[in-house]
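Same chain, two versions here, written out as structure tokens and called structure 1 and structure 2.
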Structure 1
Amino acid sequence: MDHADDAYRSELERLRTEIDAIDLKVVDLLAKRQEQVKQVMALKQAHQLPVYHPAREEDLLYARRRQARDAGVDPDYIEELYRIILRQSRVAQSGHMARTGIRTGAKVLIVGGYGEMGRYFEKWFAGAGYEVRLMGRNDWQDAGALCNGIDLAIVTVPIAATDDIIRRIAPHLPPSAVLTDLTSIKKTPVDAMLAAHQGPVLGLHPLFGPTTSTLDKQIIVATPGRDPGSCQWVIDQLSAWGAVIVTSDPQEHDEVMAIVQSLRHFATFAFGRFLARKNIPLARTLEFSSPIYRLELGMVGRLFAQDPSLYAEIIFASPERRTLLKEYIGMLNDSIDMLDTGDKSAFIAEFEKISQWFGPFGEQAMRESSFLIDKLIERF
């Protein structure tokens, strides 16, 4: 018995030693891969290419999944591993490219620069070698000096004040300066910039907040206004930092964002409001919860952990958004008869009709939500 035990321990130790040797090789190979990535960084920097290359990444993942199947390894496991490797590579490149200025030395004025988003973009532009000037509400007496020689003026103030600030700052800008804003609506600000400034105009909407640590794969919507050629360096700079630029006209942007932001945030607000009005014992519900409930409740809690004035600006940004929300509430009221009568057949018929409308996205949503649920289970 002792001899068998010794043989088991010896074999176990041998296998563990082999695993350790393989792990050393894996880390060594990752280090060599990172060296190759540095060479890619240098080429991208020299040619001002964006960090993120979606087609390249998808081709790589497809090839690694196929290789995994041939080797008898779970393809999902290999894909997850490589997504981590690719993200690390992008973050490293973004950090390097953050110090890369497309127009190094150009002068950038951030109007509303002492706010959170203003400070956020100050860090990125200053880190890339731009001369950054900040302008706050008490600096209007120095507007002429602050605007002197400016190459890019960014307006990042509350939505309600944006149009007025644009009209006030535009007369001080050089004719060649690019004027842009970071507002979550685009039609009115772009119209205001076009009317007030005769030079290049570009609307921007970053779909992230100032706590974002990296611009890797962060989406920024660009709505061209005037002279896109003169504005291109701004878009190239954001791309060089890792952002994904989605181009749209102002009207389409506002229509889409009414759904993506205003309706989604209001529906989340309404759910949280109902829970609070009913004084639901949240901690107790979590003890009974499935991962999907925890995920959904997490999104509700996330909303109420942030600045209410920010969400008020987004939700009530325009009459069109408020009209859309009233239509949403009216649709909910349409469901009361179904509940009063307990009409399950009507519910099922409506459910199936909506399911057909979602089409193939339903399967995609199942895959993506299952991934998130698995990650949540790992965490909790």
Structure 2
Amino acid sequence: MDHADDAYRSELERLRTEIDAIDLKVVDLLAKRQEQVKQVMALKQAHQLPVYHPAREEDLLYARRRQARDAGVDPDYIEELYRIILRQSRVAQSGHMARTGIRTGAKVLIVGGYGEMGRYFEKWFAGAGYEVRLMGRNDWQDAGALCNGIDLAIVTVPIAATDDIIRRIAPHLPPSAVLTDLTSIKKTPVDAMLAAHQGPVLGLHPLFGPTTSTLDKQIIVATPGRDPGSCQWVIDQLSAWGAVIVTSDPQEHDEVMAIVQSLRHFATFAFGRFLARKNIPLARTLEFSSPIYRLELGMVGRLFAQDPSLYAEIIFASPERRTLLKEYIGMLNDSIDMLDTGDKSAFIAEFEKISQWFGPFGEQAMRESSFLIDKLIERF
């Protein structure tokens, strides 16, 4: 090792030691920041004030971006870091949100309470101070006692059983009880609830599974049935836990969901089925692939890591859905001509029509997915 080499190494060492010292201070400051955030939370909790404050977050991001720009640092980079830092504060706060009860002490009956979704909502309601009763398939002899004084009944059973269970449980409920279901279709369950129960009726469809740890920004579709005023506290409660409530009517809900769930999952199922049938070299295709293929294949693999009966329920939920899927297959058959003749111009003409139909969403999707692809590259 010559002298120049030596000098290089010691200079590199010196710079790395300085960087380490900076990093030590950064993490130390982030730990102190966490302590301060906890104090803010405790203070707000004591005064029963909301913990999330979007305007404060925006001000903070603006100030840090400006500081970055003045210091010659890329403001987007600093904003990215601070969005993570702010999310971390919100995570700390979500423990508080979970304990927020809009009607603490009210009595909640979960019919199908021993299923995964039942257990999931039991945890939320019980955690916020509600009196929760679970009812399973063997508890019908106690239905009268279980329904006594109930303020909210939630039916969460398989789609095929929903209407029947609604008809059986409704006569036991107090007329003032809010009756809801969590089924992924809404027209027939809401009709069944309106027919079987005199009081307030509210259809709900949580667009997430029971493995979701936080309700933060999770979507629940609400399809009001009867007496929305009396149902409002249920919606307020779900919102207080962080969920976003989208209101719809049962008919529109079912039409949109046929696309959003049934068609999408069926198309993904078919894609995975073909890969398996052709026995393609999965690992090798991943080595050969841009990050976006990894992301797309991940979407397919993800489906098959989940519960098949859940997807069977979604795909086969109604005759309308199955008709839609057959229309989809029919449209694919229309493409065979184009493939037989190798007609690129027909493909391009069709492509351009579809691009126009997508409109500005295409550009937006490019931006969003490029952002995610960067994340994927960073991480893996």
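Throughout, rigid core stands for the largest set of C-alpha atoms superposing within 1.5 Å between the two forms. On a predicted model such as this, the values are computed, not experimentally measured, just so you know. For residue numbers, the reference is structure 1: its sequence is counted from 1.
Chemist: Among the two displayed forms of the chain, which is the form predicted alone?
Modeler: The chain shown first - structure 1 - is the form that fits the description.
Chemist: Superposing on the rigid core, does the Cα of Q364 end up 2 Å or more away between structures 1 and 2?
Modeler: No; Q364 is a residue whose C-alpha shifts by less than 2 Å between structures 1 and 2 when the cores are overlaid.
Chemist: Taking the rigid core as the reference frame, is the Cα of V27 displaced by 2 Å or more between structures 1 and 2?
Modeler: Where the cores coincide, V27 still shows a C-alpha shift between structures 1 and 2 that is 2 Å or more.
Chemist: For a quick test of reading the superposition: does I85 move by 2 Å or more at the CA between structures 1 and 2, rigid core aligned?
Modeler: Yes, because once the rigid core is superposed, the C-alpha of I85 moves 2 Å or more between structures 1 and 2.
Chemist: Mind pulling the C-alpha shift for Q36 between structures 1 and 2, with the rigid core superposed, in Å?
Modeler: Its C-alpha position differs by 8.6 Å.
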